[in-house]
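Read the single chain below, which is given as C-alpha cells and is the form predicted on its own.
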C-alpha cells in the first residue's frame, strides 16, 4: 500500500472516532494528556480557556549577536541533543540574522513556532495531531502524529523538526518519539504549572538581555500587553494573516 493510501486510511479511521474522542477529552487527567503531547489544562482543575492567549514579545534591539542562551536553555529544558547534524537535529528555537537590503542594517533574533491563530500546520494535518489549544498554544499529539510532515511543509517559519532516530534519556515532562514532528510548545508544562515563563525567557533574563517576554495577550494589565501598546511591533510574514502569538519589536 502506498504512503498516500496509508495516510488516507488512517485519516478515515481518525475522523470516524473524532466524535468519541472529543467527548472524552474533558475527562482525561492532565498527566495522561501531557504524556501524549496534548495537554488541555493549565492545572488539574483548570481547563485551558479562550479568555487567555499566551504570547511572546521579542525585542530584537536587545538580542545580542552571538548569544545562544535561549537556544541552549530550550535544548536543556526539553532534552534536545546537539548531535552535530544541523540538517536533522531537532531545533525548536534558532537564532537567525535579518539584513535590510536597502540600508544594510542587520538584526539578530530568535525564531520558533509563532503559535498562529490560523495555523497552517493545523489546517493541513490529516490526523488532527497538530492542534491549537483554546489559549493559543499550538502543540503536536505524538500519539496521533503519523510523521507525514505535511505540517513541516506548510509552516512558513520552518519551525518544526522531525525525529529521525530512537531517543534516550528523555525528560519526563516532554516525551518525544521517533517518527514524530515537534516544535516549540511555549514551555506549556511551565505555563500550566503557573510559572508564567519559558526556559528561553528565563535564560535571556539571566544573561541580562531581557529580550524575551511571555504573557497573556488578552490581559490588558500584563507586561506584554503594556509593551505592545507602548511600542510599534510586527508579526513575521504579517501578509499571511495568521495572527501570530509571537511579536517582534526593534526591527
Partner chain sequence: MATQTHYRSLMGPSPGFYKLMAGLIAVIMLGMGAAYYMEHNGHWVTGMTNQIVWGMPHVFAIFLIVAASGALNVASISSVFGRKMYDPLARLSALLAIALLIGGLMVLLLDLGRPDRLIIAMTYYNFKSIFAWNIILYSGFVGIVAVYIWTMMEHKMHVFKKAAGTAAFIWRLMLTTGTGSIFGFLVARQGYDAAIMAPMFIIMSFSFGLAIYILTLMASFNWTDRPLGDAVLLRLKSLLGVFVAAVLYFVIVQHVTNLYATEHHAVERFILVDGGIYTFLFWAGTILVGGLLPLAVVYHPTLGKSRQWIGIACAMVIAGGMATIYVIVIGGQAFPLPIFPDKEIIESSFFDGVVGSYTPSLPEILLGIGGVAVSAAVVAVAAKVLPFLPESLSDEVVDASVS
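Not measured: the values here are computed from a predicted model. Residue numbers count along the first chain shown, from 1.
There is also a form predicted together with the partner chain; it is not shown, and the following applies to it.
- Although the partner is absent here, residue 113 lies well away from the partner chain in the predicted bound form, with no heavy atom inside 4.5 Å.
- Not displayed here, the partner chain is kept clear of residue 228 by more than 4.5 Å at the level of heavy atoms in the predicted bound form.
- For the marked spot (57, 222 and 233), a heavy atom within 4.5 Å of the partner chain in the predicted bound form is absent from each of the three residues.
- Heavy atoms closer than or equal to 4.5 Å to the partner chain in the predicted bound form belong, across 160-181, to the residues 160, 161, 162, 164, 165, 166, 178, 179, 180, ordered by sequence position.
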